[in-house]
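Starting off, we have a lone chain in the form predicted on its own, written out as structure tokens.
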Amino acid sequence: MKFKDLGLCYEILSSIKDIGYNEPTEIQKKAIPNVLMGRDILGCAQTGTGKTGSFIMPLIEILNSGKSKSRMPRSLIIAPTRELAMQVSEEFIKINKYLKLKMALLIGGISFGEQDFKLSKGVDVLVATPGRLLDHIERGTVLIKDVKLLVIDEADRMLDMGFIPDVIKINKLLPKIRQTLFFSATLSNEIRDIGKNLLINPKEILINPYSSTSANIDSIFIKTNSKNKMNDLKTLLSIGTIKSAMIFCNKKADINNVSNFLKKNNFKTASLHGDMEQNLRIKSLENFKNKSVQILIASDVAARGIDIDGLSHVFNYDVPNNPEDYVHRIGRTGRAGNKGKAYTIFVENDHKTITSIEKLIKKKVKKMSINELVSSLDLSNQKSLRIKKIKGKEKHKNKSKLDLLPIENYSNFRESGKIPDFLNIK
């Protein structure tokens, strides 16, 4: 099936071609025709499956024949985080390239005045986080009684972040007769119950259940202890060819600690977490996407839904608290037929959570120490570390009569916090 078979207009097909999309993904094949027929959708799909396009493309097709009124958008897309809302708006701009639909992005960290100006001119599509949308509704700067199409994205994250009451409040202000598209990465009973209250006779579409991991991802758990976590992370970042990587931490304090440690060791990093000011969060994402920095260190909440092309590695500095988040994190790599690597650092206390992860994904994950990992690698193309022993101490020299350091002695260097030269390749 080609995009031209889905019932999309020439202008949308042209923008899709410019973006470089060749064939529709599974969720796009199943969702787009049903959306164009006016069906409500209950969709379960992970990030990276083309989910955003599956509602943006038909939404633009549907809205193209009408005209917006001042402060009365015709469609509403609700996303749980600022970053995801920004990503949805960017996708809209790309697909709307040859059409004249207007869009406003309502998120925190951007002045009300700028957003109010756009709303006063009239917009067809409103992309918003729940809190900022309710702020505008209370101020009287936007009316949603004319919304014909509602999209709720990442519903499970909405639930995790406590936004469902806001979504229900917004829903009560919307017309009862409308089309609703409800997407979630997981489909628990609670999510289904929420969907039932928002949808009318929906078409259910399940793509890549969240309990699965891609065969393109080489996933390894690295056993360590709290003392060695930082140095082991540094080693993991040094032993492969990393195009771009994400490091996930459970705590905001650890994001800052890891960032400072890696910067001291000459890695280019950017941070992303909920306590950062919006302009700094935007700058971090831009720097990572344009390859100004190689590594993005993030929390689950801030990074949820962010799609980065060509991500070669994912590193879990902490084992995620929820097994589903493990699948979500490592699923950022190994996309579009590319191979990816995912390393998760764990300590003794993490065994219970690891068991839950393996139960969810229905398979055992490879586990080894950092020393075992380094010993298993093919380092034939790496520089050899040569050591001259002087007064019982090992120092790096490039002179004659040098001894080759056996790879099994790597652990001595890890304890000292020094990484052998042949591993320090960026």
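Nothing here was measured: the structure is a model prediction, and the numbers come from that model. All residue numbers are counted from 1 along the displayed sequence.
The form predicted together with ligand AMP exists for this protein as well; it is not shown, and the discussion that follows is about that form.
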Find the only residue in Arg329, Lys341, His273, Arg335 having a heavy atom within 4.5 Å of ligand AMP in the predicted complex. Arg335
Within a 4.5 Å heavy atom cut-off, is Glu91 in contact with ligand AMP in the predicted complex? yes
Does ligand AMP come within 4.5 Å of any heavy atom of Ser68 in the predicted complex? no
For Glu23, is any heavy atom within 4.5 Å of ligand AMP in the predicted complex, or not? yes
Residue contact check: Asp307 to ligand AMP in the predicted complex, 4.5 Å heavy atom: yes
Ligand AMP isn't shown here, but in the predicted complex, which of 356-364, 49-57, 33-41, 369-377 has heavy atoms within 4.5 Å of it? 49-57
